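Given next, in structure tokens, is a single chain: the form predicted alone.
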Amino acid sequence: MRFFEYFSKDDMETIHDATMTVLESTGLDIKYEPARDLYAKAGCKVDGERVYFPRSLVETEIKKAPSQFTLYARDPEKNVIIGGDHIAFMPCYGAPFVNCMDKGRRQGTLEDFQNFAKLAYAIPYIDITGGMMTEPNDIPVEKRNAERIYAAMTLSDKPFMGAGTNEVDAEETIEMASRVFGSREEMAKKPPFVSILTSLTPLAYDDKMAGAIMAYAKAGMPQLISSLSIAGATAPVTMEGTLVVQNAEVLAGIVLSQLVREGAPVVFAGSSSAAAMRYGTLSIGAPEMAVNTAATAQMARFYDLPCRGGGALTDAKQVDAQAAYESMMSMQMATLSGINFVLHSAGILEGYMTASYEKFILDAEICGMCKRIKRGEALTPEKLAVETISQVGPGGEFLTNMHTFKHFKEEIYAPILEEKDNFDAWTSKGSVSMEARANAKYKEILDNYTPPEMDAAVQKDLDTYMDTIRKG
């Protein structure tokens, strides 16, 4: 399908030039000494923690990253291509709280994380199981990454997201995955997971993120190199200025990955938005977030890289009309602008703070709709249906025509939740709200959940590893 483009080609060149000026003359603070050493060896000027990037180095290194790559699932039918005209949806990420109609808002637990992994596995519109869908606050911090990765690999056979926390957790993720997907060498050829590493905006990387970028790149594991710059707070108030800051941060991280391992797969990941100036808080439900999504997609194509942006994003505190219109705005822009990797596609409330069970289901419906739009159309004689139109003629009907019976299941999107019945029928069924329907649906999915099979020897080896973590 054609992509919506917010800026012109000349605009892209202008933004790129401005970014190169910032990288060369202002530079970034890199808190991790091994990363600074690698930059210096490659020709960057280093002054204390400040690193200045020659334009020629940046433009050379980013060309080494692949324009497309595949994530390999336990079930090969669920492999996911990242890049090109492909779009992949994955759930909420990073929420310390969860919410549902029955228990209200509360701290996330390991059981909640496991439930979201099961929902992501069961819903066909979710392509990747997810990463830290909610924080399992009921277990010690040092054990959380292992439990999350274990759940993602055993409760689902889709690709998953690895640790986005630090170098130690990155190495743990790689080690655990190698017990399921083969040696590190095999995984470098067929990576089963992707991780997200983020800049310390404005214009910095801390030791945790830089260390993890280097660890994943060394192993050949794909990663989202991401920036969340906030217009009016951690970036200029203009969206153009924010885009320059985001661009500089992302490109610096991509350069680091390529200096560690040429050809390491990366995703150009923008998640910048604007501050709600009246409150001084991040607003992810703002139209500026959608603007940044479109611009991120264009910049990624400019560099011939896969891109991340969008999601079912909202600042709403509950599943309401605000949550609906902000989420669909963001998801639709991601779909139409050509985003390849849509994080936070299901469940997010309250500006990344809360993962909602009901919204997870409602957002999955949005994912299904967006996939239908993204699919596009094929102008074949069968689909143009000129002969069928002639057969039916003026005043006829197509509902009982064989052409309709032949194609309707593929042509017409079948919602999992939407209420399409007439008012009287809806009333007779109890006038059930959409949130209540979503509540019932997520419980139905969890009640009927059956885990995917795993090789017994692999399961035993993984369980043995987990025993050492849990007892340690």
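Worth saying up front: this structure is predicted, and the values here are computed from it rather than measured. Numbers for residues come from their place in the sequence shown, where the first is 1.
The following text describes the form predicted together with a further copy of the same chain, which does not appear among the structures shown.
Q459: heavy atom within 4.5 Å of a further copy of the same chain in the model of the complex?
Q459: no, not in contact with a further copy of the same chain in the model of the complex.
a further copy of the same chain contact at T109 in the model of the complex, heavy atom, 4.5 Å
Although a further copy of the same chain is absent here, T109 would stay clear of it in the model of the complex, with no heavy atoms inside 4.5 Å.
Would you classify S8 as touching a further copy of the same chain in the model of the complex, given a 4.5 Å non-hydrogen atom cut-off?
Yes, S8 is a contact residue.
Any chance N79 has a heavy atom within 4.5 Å of a further copy of the same chain in the model of the complex?
Answer no; every heavy atom of N79 is more than 4.5 Å from a further copy of the same chain in the model of the complex.
Do all of D102, K190 and K471 end up near a further copy of the same chain in the model of the complex, with near meaning a heavy atom within 4.5 Å?
So, no: the whole triplet misses a further copy of the same chain.
Of the options E185, E142, E262, E397, which one has a non-hydrogen atom that comes within 4.5 Å of a further copy of the same chain in the model of the complex?
Only one listed residue qualifies here, and that residue is E397.
Let me know the one among Q258, T234, Q114, N166 whose heavy atoms come within 4.5 Å of a further copy of the same chain in the model of the complex, would you?
So the residue touching a further copy of the same chain in the model of the complex, by this definition, is T234.
Only one of these stretches, 158 to 166, 131 to 139, 70 to 78, 311 to 319, has heavy atoms within 4.5 Å of a further copy of the same chain in the model of the complex; which one is it?
Heavy-atom contact with the partner occurs in 311 to 319.
Along 343 to 367, which positions have a non-hydrogen atom within 4.5 Å of a further copy of the same chain in the model of the complex?
The stretch 343 to 367, when checked against a further copy of the same chain in the model of the complex, contributes E350, L362, E365, I366 at the 4.5 Å heavy-atom cut-off.
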